[in-house]
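Here's a solo chain for you in structure tokens, the form predicted on its own.
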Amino acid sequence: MARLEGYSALVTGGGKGIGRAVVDRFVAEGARVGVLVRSQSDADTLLAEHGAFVAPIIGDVRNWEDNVKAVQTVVERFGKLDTLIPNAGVYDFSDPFESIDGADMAEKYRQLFDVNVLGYLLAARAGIDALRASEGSIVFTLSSSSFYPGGGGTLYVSSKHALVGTIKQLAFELAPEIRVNAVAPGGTRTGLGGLPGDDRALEEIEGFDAMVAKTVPLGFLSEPEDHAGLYVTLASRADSRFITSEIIRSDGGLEVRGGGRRRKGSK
């Protein structure tokens, strides 16, 4: 039997990247999945791939009503909500702190934190009643930048560090009915985008794959699918019903990156 047979989930930002990989894996494991996306094209692609196993909702994670609608859609379509995965995010492409004009700081802060932090808080708040009814779980998408500097600029790294505290506090407040955990991926080949007006995508940065491969002990740039199984484990009551406030790092071993990685084939 699939590990999530009979489960219903909601993934925000599930149209592309890690979020899409999680949707695909959850469906493969037997779950029905609501997906909050920004565009009709993402919704159409999900329906073409998964049909009645998914329920796309077009909206904005920064909007309270859209989060409420997403939760209601899952409950109405699939009968309950077992797992909530706040996942949508934006990146600052490691822009140096001093490159941000002081007059622009507040606006850039709001643009990034409204998606990376507020969007997670709104999703969690919208899902509490349904998750308490099912004794379900929340699995946040964090980042290696939740623990280490250098994987983004000051605003991005600050936002990801903030979510560590969010998970701990929510795990404390929502126990025992709701478990709250996270997955923290490291360098991943995704189309993660930037703030309004910034058309860059993470996977298009020249030399990004080589930089990550050189930095991490495991020696390669990960794909979104490399992280998806961890969300399944944290969502599964059979596999993790005694786990809350846990952050699983899926980052190629950044904690030991100073250890001198051997090359394949060497002894």
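Predicted model, so just to flag it, every value in this text is computed and none were measured. Residue numbers run from 1 along the displayed sequence.
One more form of this protein, predicted in complex with a small molecule, exists but is not displayed; see below.
Using a 4.5 Å cut-off to the small molecule in the model of the complex, not one of 84, 137 and 233 places a heavy atom inside that distance. Comment: the small molecule is not present in this chain, but in the model of the complex one of 171, 192, 130, 117 has a heavy atom within 4.5 Å of it, namely 192. Within this chain, residue 16 lines the site of the small molecule in the model of the complex, having a heavy atom no more than 4.5 Å away. Contact annotation for residue 59: at least one heavy atom lies within 4.5 Å of the small molecule in the model of the complex.
For residue 160, a non-hydrogen atom is located within 4.5 Å of the small molecule in the model of the complex, even though that partner is not displayed.
In the model of the complex, at least one heavy atom of residue 202 sits within 4.5 Å of the small molecule.
Of the candidate stretches 75 to 83, 171 to 179, 192 to 200, 97 to 105, only 192 to 200 has residues with heavy atoms within 4.5 Å of the small molecule in the model of the complex.
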